[in-house]
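Only one chain is given next, in structure tokens, and it is the form predicted on its own.
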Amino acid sequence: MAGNSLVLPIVLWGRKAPTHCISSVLLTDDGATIVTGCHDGQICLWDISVELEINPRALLFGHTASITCLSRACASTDKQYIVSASASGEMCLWDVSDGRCIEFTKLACTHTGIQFYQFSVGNQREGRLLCHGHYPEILVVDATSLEVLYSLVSKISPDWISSMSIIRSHRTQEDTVVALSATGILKVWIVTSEISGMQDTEPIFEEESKPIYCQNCQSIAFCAFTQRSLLVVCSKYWRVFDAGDYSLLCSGPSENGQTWTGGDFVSADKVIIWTENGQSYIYKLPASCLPASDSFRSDVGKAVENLIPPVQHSLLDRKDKELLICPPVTRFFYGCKDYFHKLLIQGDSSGRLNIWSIPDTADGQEGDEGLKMTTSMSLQEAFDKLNPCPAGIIDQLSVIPNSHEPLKVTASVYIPAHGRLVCGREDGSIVIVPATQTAVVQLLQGEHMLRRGWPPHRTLRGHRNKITCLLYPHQVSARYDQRYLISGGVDFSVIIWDIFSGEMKHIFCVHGGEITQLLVPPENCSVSTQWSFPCGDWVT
């Protein structure tokens, strides 16, 4: 229809699921969706049932770098908004229900943690995002516009914030933000709804700075069960503090020299701590850590080595022992409005989610194997269950004799002006097909799928091995001839093709190695550089 600006994307993944090396995990407030961010910049939405069965629902694209953190971002109970941040400073606000990107911004700093802070102004509930990362302050961001409103700054020893927690007060209008700096200094800020409701306020300075000598802090967690304890997890030990005056109550070392990566309170008297290799340990705290006990704070003032040690209560371990590219990401979540679960959720570099349901009445008798995993699912397993199998864009043209797997597409470029899709393959060949017609062929499966040579296509052969990159220069700058296509491969060669005739015009061989990227020089380059063809990561 004329004037219709609606664009409907068509995605053909093929039989292999996209890579999803998980870097962050979040469970939405309603307990119905798990959100995972990955090092490639994509976000995956997983539906989770009451029976804790999980299934991937959607992949969200909007970031150009690794996802560093995720957080809820809406004070309303009838909306499920989340915010994501990437290593390049990007922030996106998403609607989980339909996958829309509602707001986008890019800052000059990288967030490594975001927490949602909800407050009331009269009868209206509003939200702020408290962000920390590679900068010496905490930024307070509007949860709707993603605009930086003000910051929490330090007078004493300003430094990067390793982790933070928000302590809500049920007796006063003042809430507390507790953070630990990279140098082990605990910092405390007081935040009120009046301050939070203001726009562009002056920076707020800390109320207290106290060295607690916790180096390499991984996480901070406030105990919602007692409203009194604070758990600080460092790489080689974890400690519980009294949130009233930040006195040390107990401490636990790492198990067998492993590295801790985070932890949380499972109940008033139990904590769960996890390691970089995917193991998690539940510890029972001594009575001196429990506010309801008569011996509460009885160990305050003692040296660390004289404190009553916590007792290992349970072990949670990954059943899949495959070698991972990077450490798994583990988080603990509990509570939702429809049903109540205490869940430990872990995502790894293979795109797999593992879930353990933590029982309230665990008695530590799970045996040598520990508490059994409740659910496990990967993107590839979800793809394998689909019937019919997910189609690739040129699967019909990439059949290998005596093999169930088609030739892999290793590089591609879409040319909208000609409606053509160019696909480079692992055998060094390049296939040019009409994009829309080819997508329809794969999506509308029928007798036409059996026709040989369908859809119409052209195959270019010149490389001796895998195609690594493709470039259509005219699409970047009109100064280049629209006939030419550039390809690079692992065979150290760059080839210039005439896409209309299929003729190989020129071939260049470099001595530095495989071609990893093809670039068009900017407009302000010299004339001789502008009219040369790009190859590799440089211009010749």
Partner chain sequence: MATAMAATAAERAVLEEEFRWLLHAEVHAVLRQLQDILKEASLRFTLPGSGTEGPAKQENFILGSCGTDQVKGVLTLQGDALSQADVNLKMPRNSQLLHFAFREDKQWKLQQIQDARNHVSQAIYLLSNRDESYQFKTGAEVLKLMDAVMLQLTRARNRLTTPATLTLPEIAASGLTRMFAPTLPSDLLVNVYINLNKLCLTVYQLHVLQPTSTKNFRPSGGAVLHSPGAMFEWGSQRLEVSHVHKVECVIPWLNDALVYFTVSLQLCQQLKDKISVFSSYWSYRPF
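Please read all numbers here as calculations on a predicted model, not as lab measurements. Positions refer to the first chain, counted from 1. Note that the rigid core is defined as the largest set of C-alphas that superpose within 1.5 Å between two forms.
There is another form of the same protein, the form predicted in complex with the partner chain; it is not shown, and what comes next is about it.
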* Asked: Quick one: in the predicted complex, does every one of Ala87, Pro136 and Glu426 get a heavy atom within 4.5 Å of the partner chain?
  -> yes
* Name the single residue among Ala287, Leu443, Cys389, Ile325 that comes within 4.5 Å of the partner chain in the predicted complex, judging by heavy atoms. => Ile325
* To do: Answer with one of Ser76, Ser357, Asn465, Gln173: the residue that has a non-hydrogen atom within 4.5 Å of the partner chain in the predicted complex.
  => Asn465
* **Partner proximity in the predicted complex: Pro158 to the partner chain, non-hydrogen atom cutoff 4.5 Å** => yes
* Asked: Quick one: does Cys21 come within 4.5 Å of the partner chain in the predicted complex, counting heavy atoms only?
  -> yes
* Would you please decide whether Ala439 lies within 4.5 angstroms of the partner chain in the predicted complex, comparing each non-hydrogen atom pair? => no
* Should His39 be classed as touching the partner chain in the predicted complex when contacts are defined as heavy atoms within 4.5 Å? -> yes
* Name the stretch, out of 211-219, 378-386, 142-150, 429-437, where some heavy atom lies within 4.5 Å of the partner chain in the predicted complex. => 211-219
* Determine the residues of 264-298 with a heavy atom within 4.5 Å of the partner chain in the predicted complex and present them in sequence order; the list may be empty. => Glu276
* Asked: Can a Cα shift of no less than 2 Å be assigned to Arg425 between this form and the one not shown, given superposition on the rigid core?
  -> yes
* To do: Return yes or no for Arg461: a CA shift of at least 2 Å between this form and the one not shown, with the rigid core superposed?
  => yes
* C-alpha of Thr410 moved at least 2 Å between this form and the one not shown on rigid core -> yes
